[in-house]
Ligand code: NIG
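Next up: a single chain in structure tokens, the form predicted alone.
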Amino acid sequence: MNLFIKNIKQLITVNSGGKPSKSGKEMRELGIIEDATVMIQDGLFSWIGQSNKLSQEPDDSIDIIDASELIALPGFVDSHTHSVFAGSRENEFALRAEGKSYREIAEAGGGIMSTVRATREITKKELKKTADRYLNSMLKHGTTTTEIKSGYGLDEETENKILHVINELADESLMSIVPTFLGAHAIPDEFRDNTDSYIDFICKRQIPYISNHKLAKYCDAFCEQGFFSVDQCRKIFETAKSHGFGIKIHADQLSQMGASILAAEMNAVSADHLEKIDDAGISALKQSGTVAAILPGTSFFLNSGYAPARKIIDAGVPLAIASNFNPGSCMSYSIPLMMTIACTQMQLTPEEAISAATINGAAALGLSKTHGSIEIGKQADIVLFNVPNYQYLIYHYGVDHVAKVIKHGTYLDF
């Protein structure tokens, strides 16, 4: 499909100048073009510039969108979600409102294992239907690329069920979807007294099967006290790398135990959460080039403290913003809301937040060569917003400002 978007009031390209991500002061450079025009051919950006520099108007065979009162951004890239799950946990939300902690709820049988039980019981068809509904709503909110993790099965049958759902959605949805295996999300009840046996099960059965059937691009693990140790995660990651997986990691969320340093050691594409990261962890990520993915919605939802995003950016580490959409710690997939929280609570500027939610989100999935910015030759993912300027999008929060979504050159009619 060929498409011509003209008279864009303000085009935010987030041009990275050929770099895979933005870091430091580069995160404030958005490549803004006023009164812009964009041409899309065969799903890719083919021309970008000011409207008065276009040499000729398109012919009648090209669809035209007049964006005179709209601004345009790259489609958001949500690099950390758990979007395939069953059930909900509003009862835990109520318990936290009464003062219970996330850890206390988990130790009492709630938390991740509550969702695991619900996901094990639901049929694949029902699971896929629910996830598809979430993805369509994410698209409506401007997210055009996302990662989805398994991790709510924790047994062979259910983990495979989740990964098959993710891959079917990737084939059928317009959304670009990256599947991640998160078998080490929590310790299932049947292995409660023998965690090492569960690590062996992941390494000897699940990883080889998932690799042979090409069900995931990345392997993730929750490196945290009471869940999986640094040594256990290292064993999982070394096995995963030997089978061709890239590495992502839940790091430094509830405590400091060296998870971000492990991420650097494993050359992980991203280290996510980082609420408890220290200077040594930041330095390690800087040296490895690992993207630091912060999850503002989780800190907000759990009232658990925020990652030191300002320190991470100032250290020159590329920083991404993701939603962590899941039923327990962030029941929201609104990237604009995540950007607002990052600005109000984590000292990001609006410009840094936009870079973090687009090009750096793509880098956290290894996709920044093709996604995350509006540049010639990249996949044509562009969202038009009915706001006066890009700062207003983050300033006027809790409101859906999306006017139009174009994914891979296709205009989506919701």
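Heads up: residue numbers just count along the shown sequence, starting at 1. Just so we're clear, the structure is a prediction, and the values are computed from it rather than from any experiment.
Omitted here: the form predicted in complex with this ligand. The next part is about that form.
Checking 306 to 314, 279 to 287, 76 to 84, 194 to 202 against this ligand in the model of the complex, the stretch whose residues place heavy atoms within 4.5 Å of it is 76 to 84. Mapping the unseen interface onto this chain, Y102 counts among the residues with a heavy atom inside 4.5 Å of this ligand in the model of the complex. Interface residue remark: S329 is counted as part of the site for this ligand in the model of the complex, having a heavy atom within 4.5 Å.
The closest heavy atom approach of Q253 to this ligand in the model of the complex falls within 4.5 Å.
Within 4.5 Å of some heavy atom of this ligand in the model of the complex lies at least one heavy atom of I112.
Out of the listed residues H141, R89, K217, K128, R89 is the one that sits within 4.5 Å of this ligand in the model of the complex by at least one heavy atom.
Of the residues given (F245, F300, F222, Y333), F222 alone sits with a heavy atom within 4.5 Å of this ligand in the model of the complex. Although this ligand is omitted here, in the model of the complex all of Y152, H273 and N324 have a heavy atom within 4.5 Å of it. Shown without its partner, the chain has no residue in segment 233 to 248 with a non-hydrogen atom within 4.5 angstroms of this ligand in the model of the complex.
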